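One chain follows as structure tokens, the form predicted on its own.
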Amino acid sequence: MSAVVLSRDFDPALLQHHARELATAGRFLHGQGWVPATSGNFSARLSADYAAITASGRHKGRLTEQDIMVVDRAGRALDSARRPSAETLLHTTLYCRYPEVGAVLHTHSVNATLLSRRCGSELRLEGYELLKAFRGVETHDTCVIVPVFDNDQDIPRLAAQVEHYLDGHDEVPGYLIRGHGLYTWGRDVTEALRHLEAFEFLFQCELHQARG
């Protein structure tokens, strides 16, 4: 990796660790069919000021450590030779808002894409045992709200809409972008993957139920 990335503000060994984690996650998620072609983007926190994130245009099923780069809190790349994901601000705003968040995963599954087109501004997930896969949920007898935002190629504007929603609501484990996909997060990559798998199961349940 470029020497400019190995800043003293985070541990280079942590960058290598997260690069391996994200590459492994990419192979798993592509194998599930949740990040076709070069879709999706993944990140992990390095420090209060920096995050590791997938470089733009990389096939997620063939990620290597060299496909993971570093951005600051404003989404600016430390490595001028590569571009981070176009949706980097949707990751960094979560790290700025939630100090406990250690990883963010964005996927483009069929379930998430189709369900987001059927919903209004929110999806209500109620009564499912698997809701307990989300951190802080201890019973099936609850309702998890998933906000749904209209797709927008203006990422700063979309990030501002997400921020506005989160300012006025209880913490959520993820959100949908209409016709686009899912964003979810966790304390680390392992927890974010658990949330993602739970969402995919629940989305499939909702779609099957809607079909009658």
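One-based numbering along the sequence shown. Source: prediction; values computed, not measured.
A second form of this protein, the form predicted in complex with another copy of the chain, is not displayed here; the remarks below concern that form.
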{"query": "In the predicted bound form, segment of 163-171, 150-158, 64-72, 45-53 with a heavy atom within 4.5 Å of another copy of the chain", "finding": "150-158"}
{"query": "is_contact(residue 21, another copy of the chain) in the predicted bound form, heavy atom dist at most 4.5 Å", "finding": "no"}
{"query": "Touches another copy of the chain in the predicted bound form: residue 126 (any heavy atom, 4.5 Å)", "finding": "yes"}
{"query": "Contact flag, residue 37 vs another copy of the chain in the predicted bound form, heavy atom cut 4.5 Å", "finding": "yes"}
{"query": "Proximity of residue 197 to another copy of the chain in the predicted bound form, heavy atoms at 4.5 Å", "finding": "yes"}
{"query": "Non-hydrogen atom within 4.5 Å of another copy of the chain in the predicted bound form for each of 76, 98 and 184", "finding": "no"}
{"query": "Residues in 93-115 close to another copy of the chain in the predicted bound form, defined by a heavy atom within 4.5 Å, in order", "finding": "108, 109, 110, 113, 114"}
